[in-house]
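Starting off, we have a lone chain in the form predicted on its own, written out as structure tokens.
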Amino acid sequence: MFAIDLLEPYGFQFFRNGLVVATIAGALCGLLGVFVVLRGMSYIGHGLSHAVFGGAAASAVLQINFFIGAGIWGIVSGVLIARVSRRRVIGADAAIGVVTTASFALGLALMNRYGQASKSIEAVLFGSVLGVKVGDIIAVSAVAMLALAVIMLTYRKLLFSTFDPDVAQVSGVRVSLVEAMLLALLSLTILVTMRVIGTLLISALLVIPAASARLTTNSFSRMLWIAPLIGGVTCFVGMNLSYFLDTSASATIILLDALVFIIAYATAGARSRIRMASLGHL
């Protein structure tokens, strides 16, 4: 009887679609989150998710394809952030703050002005994983395969530029091109996953699984499979829990990720204390 209850949500097509897209999205965000965390780009991920919201709002108001409007807006925002911060007149954090908050404010203004767009915009803000369609699964899967292919093909350049960008630049690695590539992948990831988890929480899915993985290992290569594993599993389990607890899927997933981080943090602290204690007896 208990097993039948556990399988109950799988009888609904919308739940199966949501489960597949959420699991793939979690793994994708975990994979790119490794670079977000190690390169100190957490604020960029947070900012871009808010910037793309402006494009999503404009798409809803103009009644054009969501991916076109939000995608163009995200790319333009990323380029603006890169150009402003590269001039070093103001810091990257200030550039991100100006561009992204202005875009987010524009999205809110459009939502207030055009009421007919509010429903679709709210789905972008808070996520609507149970409302995804086959097209969303295809889009998330395509970006996931693209990200995996790019990382595999440029692994050494990514590794070098992530840990020592100055030496990488001198050695002939085009660090600016690598950064632009990562920003493009990050924008694409936010674009295809924002309707799953919502712009207000997407940055957490990018950061928390990778941060948890960082607490478990110092190896870059291991992080690249541990972080996607954490992201995918927490999304899968979170989707099932949300059904039985009757809670928001996106909120449940993020809370589960936070629980994993707490466990990883506590475990890392215990290991450190044991190591220090063993050194004290030498």
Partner chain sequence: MDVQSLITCEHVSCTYGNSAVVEDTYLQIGRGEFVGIVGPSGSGKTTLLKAIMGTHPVAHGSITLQQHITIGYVPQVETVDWYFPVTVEEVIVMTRSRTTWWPRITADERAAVRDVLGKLGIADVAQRHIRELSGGQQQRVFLARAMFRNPDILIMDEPTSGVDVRTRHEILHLLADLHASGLTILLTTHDLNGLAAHLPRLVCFNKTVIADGNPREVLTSQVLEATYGAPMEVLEHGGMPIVVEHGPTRVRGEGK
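Positions refer to the first chain, counted from 1. Just so it is clear, the model here is predicted, and its values are computed rather than measured.
The same protein has a further form, the form predicted together with its partner chain, not shown here; the description that follows concerns it.
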Is it the case that Ser171, even though its partner is missing from this view, gets within 4.5 Å of its partner chain in the model of the complex, heavy atoms only? yes
Would Met223 count as touching its partner chain in the model of the complex under a 4.5 Å heavy atom rule? yes
May I ask you to check whether Val98 falls inside a 4.5 Å heavy atom distance of its partner chain in the model of the complex? no
Does the 4.5 Å heavy atom contact test between Leu153 and its partner chain in the model of the complex come out positive? yes
Within 4.5 Å of its partner chain in the model of the complex by heavy atoms, the stretch out of 210-218, 242-250, 25-33, 42-50 is 210-218
With the partner omitted here, the residue among Leu201, Ala139, Leu159, Ile72 that in the model of the complex has a heavy atom within 4.5 Å of its partner chain is Leu159
